[in-house]
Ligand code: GLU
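Shown here is one chain on its own, the form predicted alone, set out as structure tokens.
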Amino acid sequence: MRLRRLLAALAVLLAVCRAQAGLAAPQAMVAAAHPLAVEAGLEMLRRGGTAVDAAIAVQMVLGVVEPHASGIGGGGFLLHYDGTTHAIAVYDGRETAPAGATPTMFLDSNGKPLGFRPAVVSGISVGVPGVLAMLELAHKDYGKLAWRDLFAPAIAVARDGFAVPPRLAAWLSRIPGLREEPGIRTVYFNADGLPRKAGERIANPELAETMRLIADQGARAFYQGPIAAEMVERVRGHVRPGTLALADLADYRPIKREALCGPYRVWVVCGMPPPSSGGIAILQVLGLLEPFEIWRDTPNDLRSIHLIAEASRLAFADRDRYVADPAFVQVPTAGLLSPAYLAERRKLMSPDRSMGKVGPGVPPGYVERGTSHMSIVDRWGNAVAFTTTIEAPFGAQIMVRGFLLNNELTDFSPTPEADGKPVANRVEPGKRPRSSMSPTLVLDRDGRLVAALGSAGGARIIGDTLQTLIGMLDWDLPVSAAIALPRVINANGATELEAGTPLTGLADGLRGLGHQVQVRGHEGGLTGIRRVGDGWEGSADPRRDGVARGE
């Protein structure tokens, strides 16, 4: 712990000294989950492209080298910061349920929820992919380079091949049944049936051709025509068939939403509104914590870890009760973030005792009724925080023309009712499932960008992003040290401590405060960029294969 704090302090001192010495910090930066994707983004920035141009190039390469986490068969949420106007644009590319979806589709013949594998590895789990339509809309608004040029790095990597990164190799060896899907077996397994190992070379020429068509013809080549027909055929022909139809694909539309912003100390923190639960949850936790002044605490001491876990517990109780697609459910967003409501909920928090599992509150205005993240800043100060996913590793394990289809519909509640009332996040036709994706921008009180960040990791995205914000804003850590902080996660149950870190030494202390404690491994997946003087510093989670580079 002392070594970690010393290194963090040295990093801060070096950043200050560099600024004072007049040494230039990078003026543009890309942080993403793989070096080849980062290089593709930087290439677009060097050619005069914007943060959005770079984000598209990064996403396409990630779909090649990190296929278990994201790709054109999935969806995502993107925040864009305009360096000139300071305006934030929000793009919702979340997948939607097909028109044929029903509230009971994830129940078995006895009315019980399907098991994990039958639900995920199926046609019923596939939502209408949204990421390509979303990126095309963002490109029309903020892109400078030609759409087709943004695909060139990914097409080259897919055609010529790449070395299998360690995390992809681990997932290939970890998931049973992957080789049963012909496309996955052909690309990611050797002739002897064994998965490709780290460092071995993989090419995906079929994906290269798919991307070439989309580069030449735009997103319509994906949502209409032969690619769309093959997606429908594979989903409907599965042993557990879904209802995806050509009309579902042709009718998909991304949505532009209003950023969800709130104050925290001297900053303004902006995130994604519903159907993501990340923005609400992070702002709730920060609002609950602010009077406790954890900025006075030593990073990772018992008091701060306890309070972070307790505030997270309250936020997740509200998340599970209220947050879903706002087109179908009246989400009391303003009430959940109102100072009076947070003050009332804060009364349940004690510095010396855990509240245990807690129920949701009743906010004002309530009326009854696999993943990857990139952070990018361009030379003009425009920024992108973009979280992209196909859900579980390798999604629904259905490959079409070189890309994998998502299993995002498993983010819906499998049970349509609880305690005799409709569940907010139940399945309904055309509905977008609740998400934990938390792309986040931090501004100062003058509207200048301070940081862009986000994470992979399912429901743990919220806690990872939250802790990184606290590390940067409360404890003034460099972005690399904040991202590397040992993780504490509480989703209104046990308090999880990251195995192999100094936090495990707090387990007995937390148990003494009434926490049920679990020590478990943590995969992370954060990337972040933070302003340093007149430039930027960036970092990617050391738990994964990513990097951050600037120039």
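A quick note: this is a predicted structure, and the numbers were derived from the prediction, not measured. Numbering starts at 1 and follows the sequence shown.
The following text describes the form predicted together with the ligand, which does not appear among the structures shown.
A heavy atom within 4.5 Å of the ligand in the model of the complex is found for exactly one of 119, 456, 184, 231: 456. When the ligand is considered in the model of the complex, only one residue from 281, 211, 437, 374 comes within 4.5 Å through any heavy atom, namely 437. Heavy atoms within 4.5 Å of the ligand in the model of the complex are found in one stretch of 388-396, 79-87, 105-113, 191-199, which is 388-396. Against the ligand in the model of the complex, the set 94, 408 and 411 is in full contact: each member has a heavy atom within 4.5 Å. Interface residue remark: residue 461 is counted as part of the site for the ligand in the model of the complex, having a heavy atom within 4.5 Å. If you take 227-262 and check each residue for a heavy atom within 4.5 Å of the ligand in the model of the complex, you get nothing at all.
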